[in-house]
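A single chain, nothing else alongside it, follows as structure tokens in the form predicted on its own.
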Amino acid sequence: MRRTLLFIPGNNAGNIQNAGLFGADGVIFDLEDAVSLTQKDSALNLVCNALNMLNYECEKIVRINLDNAKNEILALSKTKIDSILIPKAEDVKEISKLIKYAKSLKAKIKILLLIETALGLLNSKELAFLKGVSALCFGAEDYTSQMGATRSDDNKEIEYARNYLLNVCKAANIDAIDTPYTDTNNEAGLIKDTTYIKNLGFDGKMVISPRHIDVIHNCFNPSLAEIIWANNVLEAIKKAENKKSGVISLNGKMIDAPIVNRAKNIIRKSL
């Protein structure tokens, strides 16, 4: 489950130490944008030591630097890391080589790709199907900057990119993770945005503020009405099977395989 993936600056020892206490489904230790050029090496050492010495009860992800990827992957492969987030993923051959290299060092490591350029979005339909990729994450700020788009409250400028990336992820059967909500003090806006992308089908959202975690979890957790509906659907299926009836309905509406799958997903997410 990746409802929330919280960014933690890789050069902040205090935040790294407390990263597992915020309740996110995963933490992303950031060695890229959050760390200046002069602190890259010390941040890598800090994150590696934390991964080996501290126990985090969530997925442990590290965003690496693309221009120093092999060196950082080699260092991280010797730690208790779960996943690597590769930024600015767009060149299929380059990313494929990095994935193979990471897998050769640590077979169970999972790969998440950050799609944040126009070319990355265009090539996401190939990137998503690379063996070992478990999620595509959408980075809207870099994407809209390159596109020359102006960010707005209704997010019209990223609607196409969101839907395209989501369709690719569903086709590849991997997680689709949405861009962070950057207005850290606008809870109503966060709820509106998260509810919107949840209803589209996204599996989760990257997070830049720990205060957003519970809000996003509440949006992704099934409501009581949804859970009651899902239990009623599964009960109707059970009764029909006992009666060996081929026609199944609930409150006058036919129940078919997609309805059953939706009900099962709701129950799974409620547990």
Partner chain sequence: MNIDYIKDYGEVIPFNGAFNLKPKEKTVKKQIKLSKQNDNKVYTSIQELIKKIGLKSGDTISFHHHLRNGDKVTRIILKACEELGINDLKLAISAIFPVHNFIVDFAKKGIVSQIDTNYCVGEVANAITRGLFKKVAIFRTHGGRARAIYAGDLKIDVAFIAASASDEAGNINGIMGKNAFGSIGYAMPDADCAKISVAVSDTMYPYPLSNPSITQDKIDYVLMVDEIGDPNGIKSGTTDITKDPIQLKIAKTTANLIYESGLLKDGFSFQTGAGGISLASAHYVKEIMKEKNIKGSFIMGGITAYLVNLYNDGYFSNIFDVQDFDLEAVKSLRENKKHYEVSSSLYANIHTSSPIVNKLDCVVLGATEVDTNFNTNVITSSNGYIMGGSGGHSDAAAGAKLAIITTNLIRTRKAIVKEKINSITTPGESINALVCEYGVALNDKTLAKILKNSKLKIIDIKDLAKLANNICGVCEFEKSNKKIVAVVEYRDGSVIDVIRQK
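Numbering follows the first chain given and starts at 1. Quick caveat, the model's predicted, so the values are computed rather than measured.
Only in words, not in the display: the form predicted in complex with the partner chain, which the text now covers.
For a residue to qualify, one of its non-hydrogen atoms must sit within 4.5 Å of the partner chain in the predicted bound form; all three of Q17, F22 and P210 qualify. Of the residues D41, D33, E235, D214, just one reaches the partner chain in the predicted bound form with a heavy atom at 4.5 Å or closer; this is D214.
The listed set N199, N173, S104, N185 contains one residue whose heavy atoms approach the partner chain in the predicted bound form to within 4.5 Å, identified as N185. Annotated contact segment (heavy atom within 4.5 Å of the partner chain in the predicted bound form): 48-56, selected among 48-56, 25-33, 199-207, 220-228.
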